[in-house]
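Next comes just one chain, in structure tokens: the form predicted on its own.
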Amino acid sequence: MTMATSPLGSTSLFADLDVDVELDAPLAQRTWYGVGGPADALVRPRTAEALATLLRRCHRNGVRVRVLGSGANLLVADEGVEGVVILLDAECFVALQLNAEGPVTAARVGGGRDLGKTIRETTGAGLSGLEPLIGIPASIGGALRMNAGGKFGAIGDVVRAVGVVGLDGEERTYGAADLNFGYRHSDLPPGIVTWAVLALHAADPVALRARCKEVSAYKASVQPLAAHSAGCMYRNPVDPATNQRVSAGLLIDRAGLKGTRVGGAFVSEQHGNFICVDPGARAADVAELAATVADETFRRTGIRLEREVVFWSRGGE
């Protein structure tokens, strides 16, 4: 996205827009890690029109734009970030709509809506389709952009259509066939996901509850859910020797790196692909440890790890 050359010094970009603005806004409390510095401006549009106008102005003025979802899968640098961080928490961006009559075959979901909340509400209504994603922390938009998923499936499996407001402020609609969903990948263009239509279907309530418990129990048994982390740090890489994906956590374990620590950050003893933090940790601790783990895993296994967690830094990609 377009880079900003200096921090924002006024609200001139959004003074006449239907938005809420906080300058020098703390971001740590909005992330799962709970660390990191402020955004020059945190902007919460109240309408789709305000969002589109804001994106056009930022693009025209060379102001960097980032989108904050659920705060999972994200590390914000200690010095914070420049430009505008957008948070979609207005009703128009978090709504869940089901057809009022006839059998439900799909749901229209706002891009800013919490994935976990959406799963609870749809499965509670006896609708199947999203339960394989139980335990994955994300907003709908963030989940779509990285095709969030795990052992039981990915969100791309149930996508029918996605609405994206581009950096030029124009909304475009993409069908599932346009997006080329793959492992932690989608062809969603730059911009902000504002809504998606997801395939759902009625299921036997007893069987659906049992399936939800099964997925939840598995996640609790293998992941450090009580610790402060951002989820899996690395994608599961392809082993060049077999051309098959291998567990990043297993590689880190084999490299003997569980428990490795830098400052307040440490590799989970339960799952090697989770870097967790203690109170008082810095984002720099996490970043240094992540680099060390990737380097050491490559040195000891010959397989390179690619980060899944997004790192935000001032002036960074």
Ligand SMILES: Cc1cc2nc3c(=O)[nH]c(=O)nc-3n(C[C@H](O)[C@H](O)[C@H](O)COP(=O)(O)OP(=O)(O)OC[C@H]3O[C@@H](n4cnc5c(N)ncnc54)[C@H](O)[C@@H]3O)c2cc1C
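The structure presented is a predicted model; accordingly, all values stated were derived computationally and were not measured. Don't overthink the numbering: it's just position in the shown sequence, from 1.
Omitted from view is the form predicted together with this ligand, to which the following refers.
Student: Can you work out whether this ligand is within 4.5 angstroms of a heavy atom in all three of Trp32, Asn73 and Ser139 in the model of the complex?
Tutor: Yes, the whole candidate spot contacts this ligand.
Student: If you check Gly149, Gly169, Pro237, Gly126 against this ligand in the model of the complex, which one has a heavy atom within 4.5 Å?
Tutor: Contact with this ligand in the model of the complex is made by Gly149 alone.
Student: Which one of Val67, Val262, Ala48, Ala281 is close to this ligand in the model of the complex, taking close to mean a heavy atom within 4.5 Å?
Tutor: Residue within 4.5 Å of the partner: Val67.
Student: Test of understanding: in the model of the complex, would Ser247 fall inside 4.5 Å of this ligand by heavy atoms?
Tutor: Contact check for Ser247: no, nothing within 4.5 Å of this ligand in the model of the complex.
Student: Can you tell me whether Gly116 touches this ligand? I mean in the model of the complex, with a 4.5 angstroms heavy atom cut-off.
Tutor: No, Gly116 sits far enough from this ligand in the model of the complex that none of its heavy atoms falls within 4.5 Å.
Student: Residue-level contact is defined here as any heavy atom of the residue lying within 4.5 Å of this ligand in the model of the complex; does Gly156 satisfy this criterion?
Tutor: Although this ligand is absent here, Gly156 would stay clear of it in the model of the complex, with no heavy atoms inside 4.5 Å.
Student: Would you please decide whether Ile192 lies within 4.5 angstroms of this ligand in the model of the complex, comparing each non-hydrogen atom pair?
Tutor: Ile192: yes, in contact with this ligand in the model of the complex.
Student: From the candidate stretches 139-147, 202-210, 117-125, 173-181, select the single one in contact with this ligand in the model of the complex, where contact means a heavy atom within 4.5 Å.
Tutor: Partner-contacting stretch among the options: 139-147.
Student: Residue by residue through 291-311, which ones have a non-hydrogen atom no more than 4.5 angstroms from this ligand in the model of the complex?
Tutor: Heavy-atom contacts within 4.5 Å come from Glu308, Val310.
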